[in-house]
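Only one chain is given next, in structure tokens, and it is the form predicted alone.
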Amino acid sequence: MQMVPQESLAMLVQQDRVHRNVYVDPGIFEMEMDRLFGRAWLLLGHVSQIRNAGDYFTTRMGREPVLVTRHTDGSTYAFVNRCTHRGSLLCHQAKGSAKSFSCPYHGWTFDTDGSLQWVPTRSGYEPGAAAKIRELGLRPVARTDQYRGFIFASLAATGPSLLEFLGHMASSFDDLVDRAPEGELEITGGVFKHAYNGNWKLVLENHLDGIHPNYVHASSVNVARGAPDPGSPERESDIAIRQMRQNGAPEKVWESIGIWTTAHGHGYMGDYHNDSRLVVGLDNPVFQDYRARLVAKHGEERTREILGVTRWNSIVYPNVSFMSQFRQLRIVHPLAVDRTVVYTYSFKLKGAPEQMFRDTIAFANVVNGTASWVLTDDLEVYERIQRGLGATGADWVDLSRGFGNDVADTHDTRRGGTGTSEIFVRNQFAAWLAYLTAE
């Protein structure tokens, strides 16, 4: 498969448009796996997934299978999930707890810190080979780090630190964690996994797009508008009706929201969804109970600060999308140039009323489930886009909405002139080009 020369890559990304090949060329996809997913900090998961010694989960970093473990001394590790003997995938389970990992091919066994514990039939090796064999522990991922309980890793041995990479986007994770009365999150309730026949970039572009809801989700919005007014915050159908009516907000509402971007392709949306919409109303007894717990822990002023943050979707490029107020997080895994799988996780806020987590799961079913009112529409559009981009004749994808009206904002961010500016897509491709052309 032929790689694209760097000078040609630069021609594919212009200030207000990109060439369709960035979505459909298999050679470009291979470069993305090597130069983007092989260099950037990628979110692996959360410490609550490996709470106890021996706990583990498996994931991937681009094409690399990865095993994340908790060792007996409390340390966390991330290894390439590959036996160092003959290369077999070492652990095939999604998660679990184990004292060690034994290769299914020849039985080589590794500790949770990656060290090689045991090799069968040692007599078959030449004298003096024992020391060499002991060095064949699991290969660690080049760099790992954590922020507020979120585990990140990079396959590159050098580059920006995690805090440098996150920059102002660290405040989106702060927003999510600070909403827990006891300052701790837990991934629970299982995981939604869905795949679509489209490029991985499409989902990250869609999550900050304020134009599409009135069109992509038009049928669901119309059903919600014709449904009886919601009457119970506990009913999943009522949560669905509220969400779809919000998606059908007038154009002037979407225009008035905020879209911010930061370095490395990150960005977030805010100003529209707030707690008064998410919990039916501020007089909701569940919300009042939750707020009282925050006040008891942090005081009135700090509680107002925490609940006053009105971010909706946050994108940490290139593999994370999350919604702090909805307690949802999605990790994007590219499989091929036209095949992507997305894992969606729900968070429980430690110290919050139990009903809030029930609402979190209900919202996940409504928005992120594979039979939801929202996701099914989006997946259909992703696949239509991929098929359309494969057609010849019109080679450029227009990203000019709001171009020229972007403004510098605080915290080294830029803000779109309106809430429907495509500044976030332009920002993602600026980062994309920087990764792919860097030496």
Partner chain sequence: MTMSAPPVSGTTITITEAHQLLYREAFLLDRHRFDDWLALFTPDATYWIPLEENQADPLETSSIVYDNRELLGLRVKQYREARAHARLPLARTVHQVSNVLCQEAKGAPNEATVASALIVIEYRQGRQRTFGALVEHRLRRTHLGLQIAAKRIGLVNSESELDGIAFLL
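Since this is a predicted model, take the numbers as computed values, not measurements. Residue numbers count along the first chain shown, from 1.
There is another form of the same protein, the form predicted in complex with its partner chain; it is not shown, and what comes next is about it.
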Since the chain is shown here on its own, which stretch among 149-157, 136-144, 68-76, 334-342 would lie within 4.5 Å of its partner chain in the model of the complex, judged by heavy atoms? 334-342
May I ask you to state whether His106 is within 4.5 Å of its partner chain in the model of the complex, using heavy atom distances? no
4.5 Å heavy atom contact, Tyr125 to its partner chain in the model of the complex: no
Exercise: Tyr215 in contact with its partner chain in the model of the complex, heavy atom 4.5 Å: yes
Using a 4.5 angstroms cut-off on non-hydrogen atoms, would Arg358 count as touching its partner chain in the model of the complex? yes
If the cut-off is 4.5 angstroms on heavy atoms, which of these, Val203, Val191, Val295, Val177, is the one near its partner chain in the model of the complex? Val191
Which one, Arg401, Arg60, His46, Arg414, lies within 4.5 Å of its partner chain in the model of the complex by heavy atoms? Arg60
Assess the spot marked by Met244, Lys348 and Asn365: is its partner chain within 4.5 Å of a heavy atom from every one of these residues in the model of the complex? yes
Can you name the residues of 347-378 that have a heavy atom within 4.5 Å of its partner chain in the model of the complex? Lys348, Glu354, Phe357, Arg358, Ile361, Ala364, Asn365, Thr370, Ala371, Ser372, Trp373, Thr376, Asp377
